[in-house]
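Quick setup: one chain, the form predicted alone, written in structure tokens, and binding and motion questions come after.
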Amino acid sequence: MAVPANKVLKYQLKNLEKLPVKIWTDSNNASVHVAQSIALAIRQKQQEGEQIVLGLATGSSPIRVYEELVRMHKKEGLSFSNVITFNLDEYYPMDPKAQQSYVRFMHEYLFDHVDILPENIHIPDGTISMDEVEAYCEAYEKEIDLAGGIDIQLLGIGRTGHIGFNEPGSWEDSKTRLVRLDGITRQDAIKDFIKAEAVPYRAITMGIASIMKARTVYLMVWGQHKAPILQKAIEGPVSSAIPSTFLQKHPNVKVVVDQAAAGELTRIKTPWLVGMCNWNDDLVSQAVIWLSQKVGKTILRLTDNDYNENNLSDLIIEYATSYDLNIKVHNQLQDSITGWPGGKPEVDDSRRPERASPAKKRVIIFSPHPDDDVISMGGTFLRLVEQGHEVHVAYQTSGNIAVHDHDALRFIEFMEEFGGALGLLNEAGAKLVKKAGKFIHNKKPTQMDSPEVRHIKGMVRRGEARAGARFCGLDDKHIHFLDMPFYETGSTRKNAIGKKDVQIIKDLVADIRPHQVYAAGDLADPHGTHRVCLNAIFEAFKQLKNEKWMEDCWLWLYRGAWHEWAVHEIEMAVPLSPMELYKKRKAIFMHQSQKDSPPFPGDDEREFWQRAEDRNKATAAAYRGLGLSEYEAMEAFRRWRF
């Protein structure tokens, strides 16, 4: 008797994925699901007259969970009166009032908005003296045990594979203790501390054994930048080199991920290695490109044997011969290449990525930060202007937190000397400049900028953005600074997207009525700003979808300084000559405050222009390796259909 295909697939997945994984379309829906599960457990304990113990995490992963729990408390009467909490970790040393403290984080996102009893909140103390740490950690473990143990533990995962602050090398029986932070973890923390030297070297964390005692564990993973380490945690062997793999030994772990984070899992990246596939055009392209790169042949040189020997025999059956299949995918890639990103006038556009008509289009390039436009699509930007389209660039946020103090001070001193010498500053202006200068001179390492300093830093970014856009050929009336409110918190922690944010986007799009819109589809930036900016554009498009002119408005997504589209995802590839690549570099150089060493470099030590050029050259090399024409570089785009 034959075994049903779905049972075979489940068996193969279970052998491959050592933890149960549920993939959601986006992190918002996944977070709401986790929050609802926690709320259900809280209410069940309340009905039984019992307390529930929650192990809580910090960082970006659980924020939306906490927001949904707060919403349920305020709107649905969810009470936290029977909830006891223990947080995973805290930096050491750390003032609980500091912007970066996890005490402050938890109160801002959860505790200050619900009815939890203060005595039921437990967060590791980053202020105790070094000689007290060992006894304190032992007492923290005992408090967890006295509370009855943790019922639900929330976890994120670091790029080193850490859970809590259990870095590579952590042992399986480790308990709450003081640890030294890995260099990668400290680098990732720069986004919160502004300066590398301000990031603590140590932290107090619950141990692997502490986490493993929890009855239920939710591991939440969002974003493409977490995909490689998630794959190792789920599919790799248990190893202290990747502490999250110890969760494979836990009896009740629920791994909740978004599609971006799942990108490196075998069932997503190469599902034909897991079992039968439901072949569509996108998956066919993905498989053929993978095979070409794996065996080191151009697409048109692939044979039936190549397909049969690499688990793709089913694909040959669908298309009769490898020849027909190779031609199909090769032509699809060839058709994605265009030197006319705005469409080539008066030609057959049936196989081109963009429409021929209208010949001159209205275009909006949305840039989350004041330099994403030239970093991510500077060559296409220049090409659109040169080909006569009406191009507008819209800088969605001020980018004011990403300016070094020394850069701001140079401008402050210039204004003082220039304005003072010529008497150009009025009393209010002179006072603002003097106040900003004094603040920077006395600023503490982790202190948040004053409103005056943020204003001046925003002016620095505006000036650079104008210079870059002008270099690309725009005049000032086509340069728009939106200053979306969600960004203006003064810290790396941003507000949630609001109605005003969406309305700003909506008003600009409705005013220009573009035929093309370009937006950042790169969701791996350190602060999540790109994601919020993109969501605001999506929401604006949805609200405008019934407008007649929106039928002719196409949205193209580019990637930023961290990742590029995979070749099978690219729908428009714009080739760049060596001279065009050089001009793009010059446009990026206009952003002097981000040159050499920007405040938030992410996990890549290269300068932004180097990242951009290497990425664009790599895309061209990938096309060349597949058997397409050879170019110096390529910028890549994918269309969003709404």
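The model shown is predicted, which means the values in this text are computed figures rather than measured ones. One rule holds for the numbers: they count along the sequence shown, beginning at 1.
Not on display, but discussed next: the form predicted in complex with fructose -6-phosphate.
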| property | result |
| --- | --- |
| Any non-hydrogen atom of Phe381 within 4.5 angstroms of fructose -6-phosphate in the predicted complex | no |
| Residue contact check: Lys226 to fructose -6-phosphate in the predicted complex, 4.5 Å heavy atom | yes |
| Partner proximity in the predicted complex: Ser61 to fructose -6-phosphate, non-hydrogen atom cutoff 4.5 Å | yes |
| Fructose -6-phosphate contact at Gly164 in the predicted complex, heavy atom, 4.5 Å | yes |
| Residue (of Glu464, Glu564, Asp89, Glu354) lying close to fructose -6-phosphate in the predicted complex, criterion heavy atoms within 4.5 Å | Asp89 |
| Interface residue in the predicted complex among Gly158, Gly528, Gly126, Gly437, criterion: non-hydrogen atom within 4.5 angstroms of fructose -6-phosphate | Gly158 |
| Proximity to fructose -6-phosphate in the predicted complex (heavy atom, within 4.5 Å), stretch among 586-594, 572-580, 24-32, 51-59 | 51-59 |
